[in-house]
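Given next, in structure tokens, is a single chain: the form predicted on its own.
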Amino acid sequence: MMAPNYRRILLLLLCGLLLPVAARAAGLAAKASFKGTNEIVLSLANPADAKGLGDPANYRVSEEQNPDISLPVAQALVSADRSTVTLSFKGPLNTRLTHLVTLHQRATNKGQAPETFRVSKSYWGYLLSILVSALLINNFVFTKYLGLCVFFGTSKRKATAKGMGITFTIVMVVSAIMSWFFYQYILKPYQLGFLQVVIFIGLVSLTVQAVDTVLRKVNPTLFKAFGVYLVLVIANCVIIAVPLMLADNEYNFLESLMLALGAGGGFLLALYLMSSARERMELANIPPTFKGVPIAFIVAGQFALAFLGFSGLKLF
């Protein structure tokens, strides 16, 4: 007596599992993604129905935040196997934002409702791209040439370089978090954006003073090795650049955290690479004219040329 009930239950479960697949197959576009800065690629679920998709007039594209502003499609290219459509735009798209694409004529059947779907990047991939960009692609030392005073002053020994790099990262992350809160909840609501630099320097100096006190008690040897360079961190351009960038780009908390970690990690990487090279140079036969700071500048320039190889790298 119970067998029919079990069969009925299994049939209902099977229908529930297959319903999303059937619903997806009913639509024309199965997948949409950004390509570069001015293209959107549509992967078609039903290539046989891909008729009229080569006409740009059949598409309406807009940002989800501004659905009333249409972005004109310059060209719609259908692949030879009719499995993908590439939408090209005259200007760059803001790929940080989700876009809406509406197909006005998605098949030959008349009377079908337009199909609208969302195009967006993976948010976790976007966070990772911010981290990698600050770490390698836009390294603050080798591509933006910021923080060179501390960079050359503390990169003579690997132990000192690692300590300064870790200290820099801690100061950068803490000051960036505090700067983000101050910017979002005090400076923006009360129209005090013109005080950004003053407020951010004050927050950085507060963080450096705390690190100074902790290092003086916990690791006096490392504190003495830093010398005057720890004080220079207060107004260092690398430290100040991170709060200014997160405010200018309107990053949220996670994005600001990734930017600070990437910038701090990039500075640590630059210090460690430079200190390793300078320790080996002490054993090299260098002409007296180039010993010291001159050869350090030459090596730093070679590192900068090497980091230019990361230009244009895109993970997502």
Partner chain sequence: MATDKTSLQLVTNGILNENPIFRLVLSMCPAVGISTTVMNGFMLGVAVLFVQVFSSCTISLFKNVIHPRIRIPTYTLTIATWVTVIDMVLAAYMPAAYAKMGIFIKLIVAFAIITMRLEMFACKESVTASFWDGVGMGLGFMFGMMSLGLVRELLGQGTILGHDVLGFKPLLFFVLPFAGFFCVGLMMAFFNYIELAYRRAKRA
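What you see is a predicted model, and the numbers here were worked out from it, not measured in a lab. Positions refer to the first chain, counted from 1.
The protein also exists as the form predicted together with the partner chain; that form is not presented, and the subsequent description refers to it.
Although the partner isn't part of this model, could you tell me whether A161 comes within 4.5 Å of the partner chain in the predicted bound form, counting any heavy atom of the residue?
No.
When the contact criterion is heavy atoms within 4.5 Å, does C237 count as touching the partner chain in the predicted bound form?
Because a heavy atom of C237 falls inside 4.5 Å of the partner chain in the predicted bound form, the answer is yes.
Decide whether F117 counts as a contact residue for the partner chain in the predicted bound form under a heavy atom distance cut-off of 4.5 Å.
No - in the predicted bound form, heavy atoms of F117 and the partner chain never come within 4.5 Å of each other.
Do Q196 and the partner chain share at least one heavy atom pair within 4.5 Å in the predicted bound form?
Q196: contacts the partner chain in the predicted bound form.
Quick one: from A134, L87, V141, V171, grab the residue that has a heavy atom within 4.5 Å of the partner chain in the predicted bound form.
Among A134, L87, V141, V171, a heavy atom within 4.5 Å of the partner chain in the predicted bound form occurs only for V141.
May I ask you to choose, among L128, C149, A74, L97, the residue with a heavy atom within 4.5 Å of the partner chain in the predicted bound form?
In short, C149.
The partner chain is absent from this chain, but in the predicted bound form, do L244, F297 and G301 each have a non-hydrogen atom within 4.5 Å of it?
Answer is yes for this spot.
Quick check for you: of 180-188, 78-86, 202-210, 218-226, which stretch puts a non-hydrogen atom within 4.5 Å of the partner chain in the predicted bound form?
That would be 202-210.
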